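Only one chain is given next, in structure tokens, and it is the form predicted on its own.
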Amino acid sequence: MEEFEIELIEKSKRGDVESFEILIRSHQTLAYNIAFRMLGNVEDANDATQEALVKVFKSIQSFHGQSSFSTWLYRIVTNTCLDELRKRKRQQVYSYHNPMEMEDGQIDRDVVDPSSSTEEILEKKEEIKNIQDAIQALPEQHRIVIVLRDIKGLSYEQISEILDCPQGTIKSRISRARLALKEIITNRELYQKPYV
């Protein structure tokens, strides 16, 4: 950890909200992205990220520097998302990624690449949606390792610390998760092909 980050952590432990805001500023985007990939929609990702950051602030006294601050924070984000997923299973709540409602109609939440043709944009959008849906279909253990490793690019060591699990187990889960994801995508493609 950098000296500046250590100083911010110490000030945050003493209740300095401004130091805490500076401390988490560089981690908020990745925390949100992890939450979005795990939960699959903007509203739940925002809620989970905010809930996790509140937990981080309330429990910063328990951070002793055995891992990096970012790893500790991402573990809290991950656990918050896992709690939400378990809650969904109990409540059988389903959410969809819908366009935003505006006063003068609806707008998509996606950013369009102006250099692509309309057909390419639609194909990319469909491909991204298919992959996101396939990730959402994975069991929790597989989903989280795919998000952390393949989407967020974290190292095996970081994932091991976040999930409090041996690296060998992480590598094995990632391997099984990739196979499961490939199978889901392949099966969906087979069922979506039109009969000739």
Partner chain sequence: MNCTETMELISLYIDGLLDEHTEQMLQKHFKECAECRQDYEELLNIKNMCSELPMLELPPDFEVSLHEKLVRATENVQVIDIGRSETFNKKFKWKNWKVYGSMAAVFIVLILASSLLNEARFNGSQMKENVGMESPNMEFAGSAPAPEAPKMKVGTAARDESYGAEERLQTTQDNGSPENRVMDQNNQTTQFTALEAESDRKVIKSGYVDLNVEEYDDKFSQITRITAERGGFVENSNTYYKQYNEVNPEESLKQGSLVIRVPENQFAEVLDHIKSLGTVTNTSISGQDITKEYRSTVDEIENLKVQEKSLRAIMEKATSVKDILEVERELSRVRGEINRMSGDVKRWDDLVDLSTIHVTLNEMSSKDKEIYPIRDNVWLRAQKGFIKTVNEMIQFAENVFIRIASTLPVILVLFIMGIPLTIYLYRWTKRKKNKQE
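Residue numbers count along the first chain shown, from 1. None of these values were measured; they are calculated from a predicted model.
Only in words, not in the display: the form predicted in complex with the partner chain, which the text now covers.
Inset, instruction - Answer with one of S68, Q132, Q141, T169: the residue that has a non-hydrogen atom within 4.5 Å of the partner chain in the predicted complex. - result: None of the others qualify; the residue that does is Q132.
Inset, instruction - Report the residue, out of L53, I60, L163, L39, that has at least one non-hydrogen atom within 4.5 angstroms of the partner chain in the predicted complex. - result: In short, L53.
Inset, instruction - Verify the contact flag for N33: yes if a non-hydrogen atom of it lies within 4.5 Å of a non-hydrogen atom of the partner chain in the predicted complex, no if not. - result: Taking the distances in the predicted complex, the answer for N33 is yes, it comes within 4.5 Å of the partner chain.
Legend entry - is_contact(E18, the partner chain) in the predicted complex, heavy atom dist at most 4.5 Å: Result yes; E18 sits at the interface with the partner chain in the predicted complex.
Inset, instruction - Flag Q136 as yes or no: does it have a non-hydrogen atom within 4.5 angstroms of any non-hydrogen atom of the partner chain in the predicted complex? - result: Looking in the predicted complex, residue contacts with the partner chain do not include Q136, since no heavy atom lies within 4.5 Å.
Legend entry - Touches the partner chain in the predicted complex: R178 (any heavy atom, 4.5 Å): Yes.
Legend entry - Interface residues of 139-159 toward the partner chain, as seen in the predicted complex [heavy atoms, 4.5 Å]: Those in contact are I146, R149, D150, I151, K152, Y156.
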